[in-house]
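Quick heads-up: it's one chain on its own, the form predicted alone, in structure tokens.
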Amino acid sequence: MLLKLDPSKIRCEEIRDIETIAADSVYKCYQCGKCSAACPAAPEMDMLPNQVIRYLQLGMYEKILESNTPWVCASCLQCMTVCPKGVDLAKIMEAVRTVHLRRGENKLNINKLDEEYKARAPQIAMIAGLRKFQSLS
């Protein structure tokens, strides 16, 4: 796969926002892949966790927005415990979700859930899901 890089997007505003929110640098990662090997949610992701970091390093933030990986991340911290550089990937995934939600782009629309599901879903799960997947704006 051939990718065309835009040097102006490396360390762009979105990447800086993610690093500020996460209080961690995506550039610490050297792509060993241990985070992806340890992630219990990786089979459900369309992009491995280390690939998310790589796209961020390359300034390809749009690729991350198309992916379900930041939304599937359970923030279980397995990635951080095996990372030799101490990259807190769970915080970076949370920062990606935060930046995405600040744009007003929602991953979940409560109005599209059927009434039966809303009636039987645990209330705390609904609140947690809406908090994680829906913009406040």
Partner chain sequence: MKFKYFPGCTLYTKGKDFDDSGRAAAEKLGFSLEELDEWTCCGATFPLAADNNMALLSPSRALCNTLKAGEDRLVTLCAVCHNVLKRTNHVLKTDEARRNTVVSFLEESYDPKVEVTHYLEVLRDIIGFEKVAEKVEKPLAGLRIAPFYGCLLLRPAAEMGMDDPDRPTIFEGLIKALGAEVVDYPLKAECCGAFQVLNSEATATRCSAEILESARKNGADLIITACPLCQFNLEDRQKEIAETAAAFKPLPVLYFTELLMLALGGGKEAISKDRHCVDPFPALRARGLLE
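Definition used throughout: the rigid core is the maximal C-alpha set that superposes within 1.5 Å between two forms. Positions refer to the first chain, counted from 1. All values reported here derive from a predicted model rather than from experimental measurement.
The same protein also exists as the form predicted in complex with the partner chain; that form is not shown, yet it is the one meant from here on.
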- Message: So in the predicted bound form, is the partner chain close enough to Ile110 to count as touching (4.5 Å, heavy atoms)?
- Response: yes
- Just to confirm, Cys32 within 4.5 Å of the partner chain in the predicted bound form by heavy atoms? no
- Query: Would Asp46 count as a contact of the partner chain in the predicted bound form, using a 4.5 angstroms cut-off between non-hydrogen atoms?
  - Reply: no
- So, in the predicted bound form, is Trp71 in contact with the partner chain at a 4.5 angstroms heavy atom limit? yes
- Message: By the heavy atom within 4.5 Å rule, which residue out of Leu65, Met60, Ala41, Cys83 makes contact with the partner chain in the predicted bound form?
- Response: Ala41
- Query: Mind checking whether each of Lys118, Ala121 and Arg131 has a heavy atom within 4.5 Å of the partner chain in the predicted bound form?
  - Reply: yes
- Tell me, please, whether between the shown form and the other one the C-alpha of Cys12 is shifted by 2 Å or more, with the rigid core used for superposition. no
- Message: With both forms fitted on the core, check whether the Cα of Ala38 differs by 2 Å or more between the shown form and the other one.
- Response: no
